[in-house]
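Before any questions on binding or motion, here is one chain by itself as C-alpha cells, the form predicted on its own.
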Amino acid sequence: MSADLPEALPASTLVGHLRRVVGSTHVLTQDGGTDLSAWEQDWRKRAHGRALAVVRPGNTDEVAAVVQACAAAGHSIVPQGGNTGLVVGSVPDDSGSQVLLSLTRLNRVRAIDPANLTMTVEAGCVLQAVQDAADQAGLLFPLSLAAEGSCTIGGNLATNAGGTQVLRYGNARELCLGLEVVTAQGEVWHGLSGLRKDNTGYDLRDLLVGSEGTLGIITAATLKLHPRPACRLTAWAAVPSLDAAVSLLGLAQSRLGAGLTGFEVMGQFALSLVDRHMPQLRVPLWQQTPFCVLLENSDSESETHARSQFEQLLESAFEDGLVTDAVVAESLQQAHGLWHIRESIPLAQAEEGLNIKHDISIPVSRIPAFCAETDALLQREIPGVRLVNFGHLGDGNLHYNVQAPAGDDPGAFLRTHEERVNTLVFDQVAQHQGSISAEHGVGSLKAAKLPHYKDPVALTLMRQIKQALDPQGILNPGRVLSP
C-alpha cells in the first residue's frame, strides 16, 4: 500500500483519492459534466455501462496506486485500451461502482534494440504507432489488424490478438518476450525481458497474455521485431470452392515456404457488401466466383524473385483447377488497395445492419465440411439468412458471421435468433474440434458459453489461477470466467 492510503478506504472518498494519485484532470466522472460514453460503450454498441469514474494514469506507478486504492475500497477495475474489442470485455457494468482504468496515456516507446530485434513499449501505444516506430528503425513489427489505427498493444496482448500475418509470425503471444504487469494487489512485476530463452520456472508472460485483464494489468511489453522483407507481393485469386482454397493454401505453403505471410479467404456475399457500401474500392472478381483468396508473399531476396515465385504458383494453381482468375498487384498502392478491401468487410457488414459475429477456429482440413454443414443448418433454421464468411484461412480462423434475411429488421433478428444461432454454430465448432474464440477473446459475451465447450478440468484450473492471483475478484470480473 502507498504510505498515505488508509487500511480501509471508504468508497465515498475513493474518487478524491484517485484524483490525488493521477491528477484531477485525469479522473473523469458524470457528475463532473463529462460525457463518458466513449469509455462506457463498446465499439459495436452492444453494451453500455456506467462507471464510477474513468481514471487515466500516466505511468506504471500511478496504475499501481490506483489498483491499491480500488482494492482497499473494494471496487472492481475494468482495464481498457483502445476499446476496439468485439466481445464486451473492456466496458463497465451498469452498477456505477466500477473504475474504468484507461491506459491510453501510457503511450511511450521506451526502447528499441536493433541488435536484439526487440522493442519495449507501453501498453497504451496504438498498434500503428508501434509498426511505424519499428519501420523507422528499419525493422518490422508484423502484427496487423483492421483496427490497427486505434487498438493498443495492451489490448492486443490482453486478448492475444491475431490478424492477417499469424500464418508466418504467430499471434500476439508469439510476438511478446516480456511484460511489465500490475497485480491485483497493486504490486509491479518487472518482467520486461528481451530474452528468447529463459527456463527459470513458470511462464508468467504466456499466462498473462490472453487473460483479458482478469489476472493482472499489462502496462508495458518487450516485443519481437523482424527484418523487413526485401519485397512484398500481393495476389487476389478467384477460387471455385473452399476445398480449392484449402488445396491452394497447401500449394502456396509448399512453393513459398516462410515467404507466405498472408492467406485470407472471403465469401462472395461478404465481398458484395463491400461493393454495395464502398463502391469506390472496386472489388475485383467477386461476381464470378463463390470465394476469393488474398495471398501475400514476403521475399527476402528481391521483387524479381518474388514475382517469379508467384507466377509459378498461380500457373500451377490454374492447371490444377484451384484458381479460375487472378490479379497480382503491380504496385504497393495496388497491394494496399486489395488489403483495404479485405479489412473493410466488417465495416461494410456494420453498414448492412446488426449481425451475429463468430470468431472461430477449425482445423484447416475441416473448414470446407464445417461451412457446408453449418450453412445448410442455418438456412434450414432461418430461410434466407445471409452468411458473411471471411477470415484467416491460413491459420484456420474464420469470421463466420450471420446477417438477417434481406428486408428483415436487424434488431428484431438479433433478439429472436442470436441465442439459437450461437448454440448451433458453437455446437458445430465443437463437432469439428474447434474453438469458439480464435482471436477476439471471451469477454463477457461468451463467458457463459465457455463451460459448455471448454474442458472441465481446464476450467477448474483457470478458476484456481484466478483465485490465487486475484482473491478479491476485482480485476475485470465477469470476463472469461462467468460468476
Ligand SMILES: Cc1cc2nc3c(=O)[nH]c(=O)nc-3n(C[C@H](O)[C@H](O)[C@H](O)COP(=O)(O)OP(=O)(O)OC[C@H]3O[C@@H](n4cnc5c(N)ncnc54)[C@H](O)[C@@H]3O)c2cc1C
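Just count from 1 along the sequence shown to find any residue number. Everything quoted here is computed from the prediction, not taken from an experiment.
The form predicted together with the ligand is left out here; the points below concern that form.
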query: Going by a heavy atom distance of 4.5 Å, is residue 296 a contact of the ligand in the predicted complex?
result: no
query: Looking at the partner-bound form in the predicted complex, is residue 40 within 4.5 Å of the ligand by any heavy atom?
result: no
query: With a 4.5 Å heavy atom cut-off, would you call residue 151 a contact of the ligand in the predicted complex?
result: yes
- prompt: If you check in the predicted complex, is residue 221 within 4.5 Å of the ligand, heavy atoms only?
  reply: no
query: Thinking of the ligand in the predicted complex, which stretch from 418-426, 45-53, 432-440, 65-73 has heavy atoms inside 4.5 Å of it?
result: 432-440
Residue among 267, 92, 82, 259 with a heavy atom within 4.5 Å of the ligand in the predicted complex: 82
In the predicted complex, the one of 285, 147, 273, 192 near the ligand [non-hydrogen atom within 4.5 angstroms]: 147
Partner contacts in the predicted complex for 186-220 (non-hydrogen atom within 4.5 angstroms of the ligand): 212, 213, 216, 217, 218
